[in-house]
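Heads up, the chain below is alone and in the form predicted alone; it's given as structure tokens.
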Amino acid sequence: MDLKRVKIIYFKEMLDTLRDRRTLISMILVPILLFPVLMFGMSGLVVFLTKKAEEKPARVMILGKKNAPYLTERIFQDEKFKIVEESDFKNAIKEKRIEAAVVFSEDFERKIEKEDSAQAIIYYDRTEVKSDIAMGKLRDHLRDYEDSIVTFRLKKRKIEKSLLYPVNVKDENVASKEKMGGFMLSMFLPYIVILLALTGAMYPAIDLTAGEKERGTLETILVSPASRGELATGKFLCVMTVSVITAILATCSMGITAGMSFAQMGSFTGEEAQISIKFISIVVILILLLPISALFSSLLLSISLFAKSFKEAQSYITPFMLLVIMPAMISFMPGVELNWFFAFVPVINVSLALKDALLGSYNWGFIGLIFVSTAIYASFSIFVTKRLFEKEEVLFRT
């Protein structure tokens, strides 16, 4: 194999690839712009809409007002609620005319006076956010009333309220902000890196095979002095380059965006997290990105080579993408850890290794094994791609 010819083919294909609008969009615009829009925009929208829904008075209906006149009056005076009258409160909740309803039992006031337990039922629609928020407001109001009743009864008997809580249980998270940020990032970043490595390789792989068939330019490059193996190698390196660049840009974009998004969500949820990816974690990501990108690039080239047109290649690749997406999502699953079995399973091994690296756990034995095993799978796939480029019935399937 003449490396000089491979280099010429590689730069020629890279130049053609960078001229393709679809490839540029998938390689640059998607990883850089998509995540800020999805994460920062969506998190900001969720916080804004949730705060807006909580600030708006909840439309509620009270049944059995006479049974709990004091508590009913307190609800009436609370600005968090807007009292509404309806003939059928359940249908009113379903039809979104009200958010919730509270029903006081007939003996509510009498049982409270007798220092017994009374009953109040809150009706709401759990599938509706506004209804769920209204239920929370009513529950908080009833708990405040319950707390005042308990305090009154204890004072009446000259009993300290602290006697009801002999054990003061507190929980304290020993994980640092950086580790919490790594934990949150490890849930979805491995999946995104793998998915973008696949997506980044998809369009150039289709364009350099089925796309050239469709444009009628494949015959021109086949009559060049370069051998089929050199052609396959040059095209493969071009697709792999785009795949790696896409994944790297996606990682950088997501790291920056996630830091801003978590800071915004933290002020709302109270969960403190700080995004700080260690240099060694970045090294592990880059090490494992190379063989998985090589595997995706060679597989996509092989699949696309069978297609007669760009559109047909896309239909062939769609099922393959589903096969990759499902194992890549294993990073979302709690309790699944990297072991000797998973170290040999393609895609799953890389996803779990990246997850551990982001959490600050570096098992170099597993990382080396995953790199070697994935490289072997990629080498076999590259060999198959090379053989397909040598078959006339595949190249000229138009």
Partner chain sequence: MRLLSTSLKPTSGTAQVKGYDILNEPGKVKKEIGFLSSDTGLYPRLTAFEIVTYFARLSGMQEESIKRRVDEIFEILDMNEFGNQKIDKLSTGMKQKVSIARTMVHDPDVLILDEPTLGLDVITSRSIIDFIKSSKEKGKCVMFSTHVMHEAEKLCDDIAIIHKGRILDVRTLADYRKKTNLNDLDDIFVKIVGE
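Positions refer to the first chain, counted from 1. Just so we're clear, the structure is a prediction, and the values are computed from it rather than from any experiment.
What comes next is about the form predicted in complex with its partner chain, which is not displayed.
The single contact residue among Thr72, Ser105, Ser224, Ser309, judged by any heavy atom lying within 4.5 Å of its partner chain in the predicted complex, is Ser224. Checking Lys161, Arg157, Arg215, Arg126 for any heavy atom within 4.5 Å of its partner chain in the predicted complex turns up a single hit: Arg215.
The candidate spot formed by Ile9, Leu15 and Glu219 is fully in contact with its partner chain in the predicted complex: every one of the three has a heavy atom within 4.5 Å.
Its partner chain in the predicted complex comes within 4.5 Å of no heavy atom belonging to Lys111. Taking the partner from elsewhere, Lys130 is found to have every heavy atom lying beyond 4.5 Å of its partner chain in the predicted complex. Although the partner is absent here, Lys82 is not a contact residue: none of its heavy atoms lies within 4.5 angstroms of its partner chain in the predicted complex.
Interface residue remark: Lys179 is not counted as part of the site for its partner chain in the predicted complex, having no heavy atom within 4.5 Å. Only one segment in the set 285-293, 242-250, 204-212, 116-124 has any non-hydrogen atom within 4.5 angstroms of its partner chain in the predicted complex, and it is 204-212.
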